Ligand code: GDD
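Shown here is one chain on its own, the form predicted on its own, set out as structure tokens.
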């Protein structure tokens, strides 16, 4: 295996307001854009060339890649319009150089996992599969499509989200990483929206193709929501999730130029971004503080995301909230339970309490 396709074209609507200015895969997670964690894991598994399938704010990817050396060739393929998962794979395939029978790794741009990538590819080649799908077991599969397999690991069906206990025939779900034969990718219709989950895979089964599943029970997390985004960052910093892009794990991560007062308490896998400042008496627990943010004295931040250049006033309480880039939260405000503040918004020093369910 030498080539891969990384799908990073989504708009990240569940993560707004963070994704208003930055595409989701380029948001910093444990100090670097999330895309870097995926690219470096693919690189260390033997991938030498990777195609980024972009759409939303593609210029942000280009600027970063042009200025970076990740030890792997990175090619950017920008869709003129969103083409769905299958359409995006087919569009990116125009940049592949692999032969028709060679394996191509394909993975989604919002999944953090500890998958044994080399093992997945080895299974694909050993079984001569047309497509191999990474499956992971989840405790409650009702929010996911189910992928049952037979005793030999051959996928038998792709099932929609179950609505009754009788429909839960397996707890293994599609975990967002695949190995395709290049020739199978070339069979996906070009130039139109295609869902690989709802169209491509079911059609392959109906046509008698060999689609196999590899169940990996290790770490897996979809970073599509704010709480999951924070959890993924914490897990990387604490060493619970693997990534070559995190050179040192610990109780917190402070990036270059970060200023943390000696009386502040930063812990729980928190990240303090470049040139951000944490004043005396402030507490930052299990949170992501982006570059240039300012946390004033006595503020308490937990399980939250503080955007680039945002300001949190003295003794404010931010718990389970998302504060957009450049927003200003005045002293003594309390934002909890899913509250979201848009970029540039300002809340004065009058004490208010707000959560998303009030």
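The structure displayed is predicted, hence computed values, not measured ones. Here, rigid core means the biggest group of C-alpha atoms that superpose within 1.5 Å across both forms. Numbering follows the first chain given and starts at 1.
Just so you know, the form predicted together with the ligand exists too; it's not on screen, but the next bit is about it.
- Not displayed here, the ligand is approached by residue 55 to within 4.5 Å at the level of heavy atoms in the model of the complex.
- Although the partner is absent here, residue 286 sits far enough away that none of its heavy atoms falls within 4.5 Å of the ligand in the model of the complex.
- Shown alone here, residue 216 lies farther than 4.5 Å from the ligand in the model of the complex, counting heavy atoms only.
- Interface residue remark: residue 235 is not counted as part of the site for the ligand in the model of the complex, having no heavy atom within 4.5 Å.
- Using a 4.5 Å heavy atom cutoff, 79, 88 and 178 all lie near the ligand in the model of the complex.
- Note on contacts: among 243, 113, 174, 129, the single residue with a heavy atom within 4.5 Å of the ligand in the model of the complex is 174.
- Among 83, 93, 260, 282, the residue placing a heavy atom within 4.5 Å of the ligand in the model of the complex is 83.
- The stretch among 246 to 254, 153 to 161, 265 to 273, 184 to 192 whose residues place heavy atoms within 4.5 Å of the ligand in the model of the complex is 153 to 161.
- Contacts between stretch 189 to 222 and the ligand, counted in the model of the complex as any heavy atom lying within 4.5 Å, involve 197, 220, 222, listed in sequence order.
- After superposition on the rigid core, the Cα of residue 267 moves by less than 2 Å between this form and the one not shown.
- Here residue 224 does not count as shifted, since its C-alpha moves by less than 2 Å between this form and the one not shown after the core is aligned.
- Relative to the superposed rigid core, residue 244 undergoes a CA displacement smaller than 2 Å between this form and the one not shown.
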